[in-house]
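Have a look below at one chain only, the form predicted on its own, in structure tokens format.
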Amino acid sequence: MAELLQLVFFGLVLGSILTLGAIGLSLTYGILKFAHFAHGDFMTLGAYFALSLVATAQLPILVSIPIAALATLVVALIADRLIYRRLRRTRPVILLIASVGVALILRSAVQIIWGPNVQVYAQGIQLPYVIPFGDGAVRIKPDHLIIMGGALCLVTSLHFFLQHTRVGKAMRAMSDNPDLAQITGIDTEKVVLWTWGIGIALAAVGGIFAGMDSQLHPNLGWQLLLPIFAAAILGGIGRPYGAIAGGMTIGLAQELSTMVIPPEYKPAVSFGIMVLVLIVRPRGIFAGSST
């Protein structure tokens, strides 16, 4: 029983990371109408910006998180102005291909600047809290509590932003019907900027949390991209609330699957869920609900 609870806890930690990535991916698709394949590499970039602040400036990781997210956002806005904005009125597949190019550029830049080797935010072993349960124990690392608490705060803040601010309501309106939103006087360019801001900031924080959970390497975000896409599709891509449910579901499914399959095969679980959803309910479990 303790082993099951341990896996559930690990699933919630992974789900928190995937949720932050899936919300940004879903917002981008809902408003800009293309699958942003560079999303995972922006997660990697945010993680490495935080590494520079921690290793070079000796800042605590909690102080580094907002600064790294802001730096990642600046890079995303530059990419938008130089590449995406010029292609915004083309077919979505053109934007998709452009995002693959941006992903390759970002990954190469990370390798050139920070190197290809595995790195960590802090050396040494982090002693976990040990909670006895039955004939075993559940072990909880302090970093895991930061990851889950941080994700909960960000998701709650996003909910209030979408529901109770004028920009948030404009984002939901534009996601549901961009042409009608433009006719009603909504500043679509302003909404696009907010979409990049929120989506990329969440992605950067998700990348930092992924680095805290394990290690940093240039393919960190790329390896998370498949489960993030699975989470977004499961929840109904374009729907941020669905992305939350999808992220937690994929995280739990991946970790619980290790009870029956070797851990190295757990990414295949998210792929299997994504394929199943595309066959049975292609619009996701939140299809038809309001954003």
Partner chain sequence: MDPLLNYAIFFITIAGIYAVWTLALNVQWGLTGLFNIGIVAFVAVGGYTSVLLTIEPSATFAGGLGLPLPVGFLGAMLVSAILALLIGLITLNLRADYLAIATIGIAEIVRLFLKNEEWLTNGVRGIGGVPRPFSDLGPEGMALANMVLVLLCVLVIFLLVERARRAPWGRVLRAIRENELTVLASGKTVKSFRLQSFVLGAALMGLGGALYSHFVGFISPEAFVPLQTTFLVWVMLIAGGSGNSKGAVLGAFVIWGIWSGSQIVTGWLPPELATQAGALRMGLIGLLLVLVLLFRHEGLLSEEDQRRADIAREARQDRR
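All of these numbers come straight from a predicted model, not from anything done at the bench. Numbering follows the first chain given and starts at 1.
Just so you know, the form predicted in complex with its partner chain exists too; it's not on screen, but the next bit is about it.
Partner proximity in the predicted complex, defined as non-hydrogen atoms within 4.5 angstroms of its partner chain, places exactly one of 75-83, 153-161, 139-147, 168-176 at the interface: 75-83. Interface membership of Phe9, defined by any non-hydrogen atom within 4.5 Å of its partner chain in the predicted complex, is ruled out. When contacts are judged by a 4.5 Å heavy atom cut-off, Val192 does not count as touching its partner chain in the predicted complex.
Contact between Gln126 and its partner chain in the predicted complex is not found at the 4.5 Å heavy atom cutoff. Shown alone here, Ile112 lies within 4.5 Å of its partner chain in the predicted complex, counting heavy atoms only. Every residue in the set Leu104, Ser108 and Pro267 has a non-hydrogen atom no more than 4.5 Å from its partner chain in the predicted complex.
None of Ala98, Ile198, Leu216, Ala71 but one reaches within 4.5 angstroms of its partner chain in the predicted complex through a heavy atom, and that residue is Ala98. This chain lacks the partner; the member of Leu180, Val118, Val93, Val130 within 4.5 angstroms of its partner chain in the predicted complex by a non-hydrogen atom is Val93.
Contacts to its partner chain in the predicted complex (heavy atom within 4.5 Å) from stretch 31-48: Ala35, Phe37.
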